[in-house]
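The data below hold one chain only, encoded as structure tokens and taken in the form predicted on its own.
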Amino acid sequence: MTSSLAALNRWVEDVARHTQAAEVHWCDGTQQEYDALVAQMHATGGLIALNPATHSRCHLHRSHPGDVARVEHLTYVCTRERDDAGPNNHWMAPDAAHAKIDALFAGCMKDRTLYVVPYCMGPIDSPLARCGVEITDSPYVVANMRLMTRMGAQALARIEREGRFVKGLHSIGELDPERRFIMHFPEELTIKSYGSGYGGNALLGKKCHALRIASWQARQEGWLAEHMLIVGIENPQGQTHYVAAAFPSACGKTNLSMLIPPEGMRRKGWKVWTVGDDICWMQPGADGRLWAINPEAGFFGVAPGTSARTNANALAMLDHDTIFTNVALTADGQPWWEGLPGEPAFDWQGRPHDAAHGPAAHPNSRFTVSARQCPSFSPHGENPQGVPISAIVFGGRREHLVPLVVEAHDWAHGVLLGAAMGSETTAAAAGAVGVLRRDSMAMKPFCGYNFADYFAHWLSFDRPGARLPKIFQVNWFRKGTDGRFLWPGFGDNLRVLEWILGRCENTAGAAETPIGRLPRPQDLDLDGLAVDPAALNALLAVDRDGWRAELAGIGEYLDSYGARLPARLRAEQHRIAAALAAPTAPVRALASG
């Protein structure tokens, strides 16, 4: 036995002893094993079979009502130095954190099976991929990890070859919110999660490994682990460019990753290819470009709002081999959520549906499905070397001020756009509506270290020989004085992506402004789109007074990261603020070609 497998065995034995597990099962990732787990959960009530005529081999899981989402206030980054975790994370000293959570794990698997889940984040042969092992007492977690990762014998073989892996220990515990913690120890490449069976808290390969631990690994090793979709845009000439894009929640990330071109653009030959909808790992290649993989093998998507109108590709992949969590049910056993036709008979808790109880499907209800089932899944989705990124896009939900699309002047300006990005609260969130919440690179809940160091790491990629992607900011959510959206969104967002790729190839025109380069109306393909000229002008306007206030707000936000903040980022903020304060200059057009 190699030293790495010997170390893994010792860890499993130590955990089994501490948790008093009834038995230990090493997962091999086979279909036979998966089918046995599903049958076991059907027998115990952990899964409910759905209508086999409409949803073959699909199952419904109902969570405990108190365990339906990530718990940011109970999620910790445990570094030796508090400043290494930063003000963007909850911190606990490693020794104290281990002691607190290990006490909860003591004897917690007394009547349960301990499952050992070796997994690989990324294509199994990719040099960009990284491996982990999750120990869990939840068969639901095992079944989901099989869909979400490359799990089983191949991953174990890679761990044996490489001699390193991220250690994740999980137990559902008593599902008591008072006894629930998700602890990350990046210096030890270790995760410990107790008291929750919910996806983001329990599927440790997802946010815990692929973002919080991987972001730390990425800084040490010279790459980027990001909360981004990856989408391929194929033009009528048959060339495909890949875009990585970061959006906070409720901003259409999954919809964009599976976008269907509007009819006119489809006829011209435009196609869209899905590589990933949530996480992107990027590493500089020998050619100086950033190459990206989707470390996940599946989608853990939000169900409500997914419909034939908003995301037909997502809906099309959910009629077989899918695990649904906390959706409603129709009378004939089909999954249902708000946005679908028909009526639910039972809500997400299994009660006869009553509108007085609230939405039939939980607002955070989910589907777990293999990425290979997506109709638009890219033929390069499993490419070991990844795909080359032409553009990086940041976006948020801003009803005012932020134009439809802006191109950063250079890499440092682009990093500032990402650092400053945020969304305004909606009526769906508790508290005041319209309050701006900064969420740098959409990584606020997921960066495993100090944001100031994270910004410095992003800036470090701008070095001689680098062929970096251009960076853009988009905003699909501008509203007019009547409260209606000015841009149609959904498939028509491809028109914006076309301009973005034109800028990358230097074939699209733009106007130079203090906040970046914007398209003029004639630079966008608006063929077949009924957009009022006044609305378009508003979408592409720069409100200098508003932007002066915005830059002041960005400055206050950057101040919150103290002395570690890179001077170059502060200088970039000052540069744009000065340009906005200068007398208004005529808008200068940049020619294409």
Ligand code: SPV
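Since the structure is predicted, the reported quantities are computational estimates derived from the model, not experimental observations. Just count from 1 along the sequence shown to find any residue number.
Keep in mind the form predicted in complex with sulfopyruvate is missing from the figure; the text below concerns it.
Asker: Tell me, which of R495, K206, R150, H362 has a heavy atom within 4.5 angstroms of sulfopyruvate in the predicted complex?
Answerer: Flagged contact: K206.
Asker: Considering W223, W270, F105, F300, which brings a non-hydrogen atom within 4.5 Å of sulfopyruvate in the predicted complex?
Answerer: If I apply the 4.5 Å criterion carefully, the residue I get is F300.
Asker: Heavy atom to heavy atom, is R503 within 4.5 Å of sulfopyruvate in the predicted complex?
Answerer: No - in the predicted complex, heavy atoms of R503 and sulfopyruvate never come within 4.5 Å of each other.
Asker: Any of the heavy atoms of R70 lying within 4.5 Å of sulfopyruvate in the predicted complex?
Answerer: Heavy-atom contact with sulfopyruvate at 4.5 Å: present for R70.
Asker: Answer yes if any heavy atom of G199 is within 4.5 Å of a heavy atom of sulfopyruvate in the predicted complex; otherwise answer no.
Answerer: Contact check for G199: yes, within 4.5 Å of sulfopyruvate in the predicted complex.
Asker: Please run the contact check for T425 against sulfopyruvate in the predicted complex: heavy atoms, 4.5 angstroms, yes or no?
Answerer: Output for T425 is no: heavy atoms all beyond 4.5 Å of sulfopyruvate.
Asker: Report the stretch among 172-180, 80-88, 206-214, 511-519 that approaches sulfopyruvate in the predicted complex to within 4.5 Å, counting heavy atoms only.
Answerer: It is 206-214 that comes within 4.5 Å of the partner.
Asker: Of 243-277, which residues get within 4.5 Å of sulfopyruvate in the predicted complex if you count heavy atoms?
Answerer: Residue within 4.5 Å: S249, and no other.
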